[in-house]
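Below you will find one chain, with nothing else, as structure tokens; this is the form predicted on its own, and questions on how it binds or moves follow later.
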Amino acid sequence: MAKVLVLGAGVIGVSSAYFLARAGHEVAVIDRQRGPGLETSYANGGHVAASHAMPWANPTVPLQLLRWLGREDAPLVFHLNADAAMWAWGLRFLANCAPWRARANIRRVLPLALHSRAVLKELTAKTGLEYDQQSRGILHIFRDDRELSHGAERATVMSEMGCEISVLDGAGCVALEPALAAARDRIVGGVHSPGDISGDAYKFTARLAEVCAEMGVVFRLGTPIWRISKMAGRVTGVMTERGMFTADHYVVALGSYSPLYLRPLGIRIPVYPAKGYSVTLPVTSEAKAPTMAITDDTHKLVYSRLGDRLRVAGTAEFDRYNSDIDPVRADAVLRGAMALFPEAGEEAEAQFWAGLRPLTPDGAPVIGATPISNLFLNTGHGTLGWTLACGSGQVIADIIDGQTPEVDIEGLGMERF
């Protein structure tokens, strides 16, 4: 049994702690927030979606970026500034939009996504956790024939790799989710992945943290991390506002902030914050609100039914580490929801949120060992943090134990950069 210190108490960090504790390790988790899951995991879109394995960097994006230039409400926005890290990241992102690279990145991420989804279902059955989960799959809707064609192509690739997925016409989409009837004339078709699920990532993280605590995991919350100390090729401790904490092994699961703590150690990974927005509405009409998870590929928005709430989330804004809510962009998310489901929820009671997603240029996470012998990474999951959390947590526990992970993780290490 080893002592393992996990840095970060989001869904990735807490999942890592759970599987490390289950493997018999003495685990502690450090986070600056007063509770688990209070940053990027707090109000995200709620999808656990292997069908989302298509990265943001794909062949359709360069042309879309040109169309979106100058639009404050565009799904993807780069704020031009002198940040060299953003420019370097952006060039790598565009390089990954090449068709062959996009296909390779799907093949890199999808096996982990499928495995993680299965591990989450197993964990839920084992622990009895409740987090407003839905198991009706995820429906991707498309507004024109060109988008549907691209969606069908992606579906073919994913189907070949073991992801159950089918293409529907507009009528089939409405039959699957009757709440789409009001928008029937704007939907040409869709793609349905019945094995995908949805749920409240914050509730899951908070309740899994309680399970972890019962297993002996120590949570040092409200503890800002100052630096990671290194000597002779090993981490010697983590200096925090509350003093130095030491362990045998260390796992960095700090999301967008991971590069800031790794750079002084000589480790550089191209993880950059992409601000996403969400709106949560109380459902006022059961008949008009969706009961299944939906992805609107045109507007880059996802919808999740979380009990008596409707969560709408999406967009990506590159503005360094600014997590402030831009009213124009937040309102664009709300307007998109009201256009698709006009009578679903109480607009006046909408709750807005913004969080920083840790995105890599190729859309795949960074999981595994580093040149520092007792330092490991579990970060860079981008928009797929909730989707990949349980699988990533299990994988990092296997790696620290010296075991071969159950799923192929070739190409997910930092060495690819």
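Just so you know, these numbers come straight off a predicted model, no measurement behind them. For every residue, the number given is its place in the sequence shown, counted from 1.
Quick note: we don't show the form predicted together with a small molecule, though the next part is all about it.
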(request) Please name which of the stretches 221-229, 178-186, 156-164, 340-348 has residues with heavy atoms lying within 4.5 Å of the small molecule in the predicted complex. (result) 221-229
(request) Heavy atom within 4.5 Å of the small molecule in the predicted complex: which of 151, 276, 75, 259 fits that? Just give me the one. (result) 276
(message) Counting any non-hydrogen atom inside 4.5 Å, which residue from 109, 313, 212, 102 sits next to the small molecule in the predicted complex?
(response) 313
(request) Spell out, yes or no, whether the shortest heavy atom distance between residue 391 and the small molecule in the predicted complex is within 4.5 Å. (result) no
(request) Report yes if any heavy atom of residue 39 sits within 4.5 Å of a heavy atom of the small molecule in the predicted complex; otherwise report no. (result) yes
(request) Look up in the predicted complex whether residue 358 has a non-hydrogen atom within 4.5 angstroms of the small molecule, and give yes or no. (result) yes
(message) Since only the chain is shown here, I'm wondering whether residue 45 would be in contact with the small molecule in the predicted complex (any heavy atom pair within 4.5 Å).
(response) yes
(message) Is it true that 254, 382 and 387, all three, sit within 4.5 Å of the small molecule in the predicted complex, judged by heavy atoms?
(response) yes
